[in-house]
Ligand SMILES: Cc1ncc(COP(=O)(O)O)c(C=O)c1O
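We begin with a single chain expressed as structure tokens, specifically the form predicted alone.
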């Protein structure tokens, strides 16, 4: 059993036994708990820490762990209704009111309840994460001279050089900034490129976290449809002309959620259209390192084909490692780089040096290419298992494209299906799925589901998850099991 699930299980068992002890009573020692439950000392320590965080036990160094005393009644809550007026007063003068909505992001960040299969996740399952390699890299990094000192504001030169080589083209280390994850880099880019109240062109459908960033900054996302070959150039040109936008955000490689790859024919068209509009292209290259084993050669980043500074490039190590390994890069050429650097420094100062040093240790170790090869094979197997299970058990769902990279499948629901009803029924059946609505900046073209095959334990869990989804569809569609359309 994985460490995190062992911790949760032990915490639940200890929580259920607390009534055996009077308030202030001492619990068994950690060694006794290790022997009784046959778990590691680390598991015991983390489980007790979880109970302490919940206020159920108190840890006294050198004495042991005790059941917490009953808490006294909390003081009456104050009146916070004044905040409704204060927080909304400035929207009357804003051209595009700021809207901070994290619901679309939380759908992929929040862990599902115990026993629920996670088809809505956005990160690798713990069994796919290079935990040992990351731990070893962090340990080596911590021993480097100066590892705990202040890093250069733009990031460690060696790490910037590594990212620059990965981007290719004429990009140099001097044109790369180290940032704390892709979400942070996208936030910096939009703040630098688009003033509040202006439009920003986005793919449709697209990543909800990017829509949330734009709206929180007071920008107006304008959708541009994509198909299996990526964004449609004619519609992109029309959108620039109609809106006067100066920014287009796209994911040219294994787009989220469709899995589309911007075709070779469209790549130069997108750059030409943006250049003629005097606009920037923000390239979110978020899953380049999650290519599948059967994929052919990958297209280079758009920025490697852009000598004129049209593209602002974002890439990250997070998707290929762990949600907590938040090291990414923001690359740009020309005067815009100084604006990006200034916003990055003001907002975040710098990425902690030990994490940057650990990233250097990780990507420079023999474990890194081995990890990428292993993940490439595992993702292909899981993708194939999910696609096969869906075709067998849920042929009513449209699966127009099976990508050769990334971690998700984009499914069209039968006409008339209520996404919210199906998502709720799926959760009751024991599988968490992501509805399609949050991926659209405007009205959706149809009802969709996004399913992740990377955040589950393996093919067996995928098969069971699809079986549970079939039961949920039967509940929503009726006992016949046929789609509403």
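Numbering follows the first chain given and starts at 1. Keep in mind that this is a model prediction, so the values were computed, not measured.
There is also a form predicted together with the ligand; it is not shown, and the following applies to it.
Not displayed here, the ligand is approached by residue 186 to within 4.5 Å at the level of heavy atoms in the model of the complex.
Shown alone here, residue 326 lies within 4.5 Å of the ligand in the model of the complex, counting heavy atoms only.
Taking non-hydrogen atoms only, residue 221 never approaches the ligand to within 4.5 angstroms in the model of the complex. The ligand is not shown here, but in the model of the complex it comes within 4.5 Å of a heavy atom of residue 284. Remark: of stretches 230-238, 132-140, 318-326, 265-273, the one touching the ligand in the model of the complex is 318-326 (heavy atom within 4.5 Å). Here is the short version: of 259, 252, 182, 155, the single residue with a heavy atom within 4.5 Å of the ligand in the model of the complex is 182.
This chain lacks the partner; the member of 280, 207, 163, 410 within 4.5 angstroms of the ligand in the model of the complex by a non-hydrogen atom is 207.
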